[in-house]
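Before any questions on how it binds or moves, here is one chain, the form predicted alone, in structure tokens.
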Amino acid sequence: MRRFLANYKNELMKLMTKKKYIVFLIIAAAICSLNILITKIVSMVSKGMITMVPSAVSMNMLRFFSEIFVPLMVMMAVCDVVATEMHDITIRAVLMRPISRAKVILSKAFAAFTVGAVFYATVFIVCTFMELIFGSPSAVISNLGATFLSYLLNLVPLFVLTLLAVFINILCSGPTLTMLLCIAVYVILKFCGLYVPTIGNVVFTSFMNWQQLYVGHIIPFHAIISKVGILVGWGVVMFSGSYLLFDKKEF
């Protein structure tokens, strides 16, 4: 476990030193702030006919970031710590350490996943802060638990997406091609989930807005187990495939 944590910290530090993630984090915060400010301005111009519903902005932002923004950031992070290092052969330095290849893959996946989690946390904090200022503080606080749970639940499918990106990165060569392929596969899976009912029930991308199934709804226990099983199955297959491919590669 110590070796895994040490490698995880090392991979996370690699990503933290890249200024582009700080820039995108600022952009994410700016998008949230502008959305709330525009909503407030519209409410003032319409003289109260259009008002801001407490927590509505946070949930709307969650839908946007969970479907588009955060997945792109995670794919980019995976490409930085997997495809780029494999292309530059700098991954040899990692493999020279006394750590198994399975832990190397998992530590890289968790580092990229942490980037996505930081983006979710930033969006949640910025939206909540802005809603407290421009909205109704009592209403925002009363809905804070459900909103936080919604953001927390979306971390589950995000980790599965991270493992899928790792698998594609190990399968392909070249960071640019790999990034494009990750986006293409994600778009195809999303399309199938939306427009092909028979496939949509077993595609994990259908659960990127997972909170819609649980928060504020009562669903049967067997339905919860089946959906969790789908996500676990995708995760196990992606990790197993990544390890088998990575273990056979020579650097």
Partner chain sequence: MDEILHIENMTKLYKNGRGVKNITLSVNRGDIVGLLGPNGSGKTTTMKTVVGLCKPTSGEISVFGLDLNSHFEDIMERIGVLIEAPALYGYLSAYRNLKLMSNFYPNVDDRRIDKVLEIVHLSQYKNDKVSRFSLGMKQRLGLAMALLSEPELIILDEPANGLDIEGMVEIREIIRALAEKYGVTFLVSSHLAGEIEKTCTRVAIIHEGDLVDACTMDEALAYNPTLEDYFLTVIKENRGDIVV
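Numbering follows the first chain given and starts at 1. For clarity, every value in this text was computed on a predicted model and none was experimentally measured.
One more form of this protein should be noted, the form predicted together with the partner chain, which is absent from this view; the next part is about it.
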Task: Partner proximity in the model of the complex: residue 244 to the partner chain, non-hydrogen atom cutoff 4.5 Å - done: no
Open item on the list: I'd like to check something about residue 90: if you look in the model of the complex, is any of its heavy atoms closer than or equal to 4.5 Å to a heavy atom of the partner chain?
Closed with: yes
Open item on the list: Can you work out whether residue 139 and the partner chain are in contact in the model of the complex, taking contact to mean some heavy atom pair no more than 4.5 Å apart?
Closed with: no
- [ ] Give a yes or no for residue 228: in the model of the complex, does one of its heavy atoms lie within 4.5 Å of a heavy atom belonging to the partner chain?
- [x] no
Task: Contact segment among 115-123, 82-90, 173-181, 141-149, judged by heavy atoms lying within 4.5 Å of the partner chain in the model of the complex - done: 82-90
- [ ] Select from the listed residues 76, 155, 94, 106 the one whose heavy atoms reach within 4.5 Å of the partner chain in the model of the complex.
- [x] 94
TODO: Just give me the residues of 131-151, first to last, that have a heavy atom within 4.5 Å of the partner chain in the model of the complex.
DONE: none
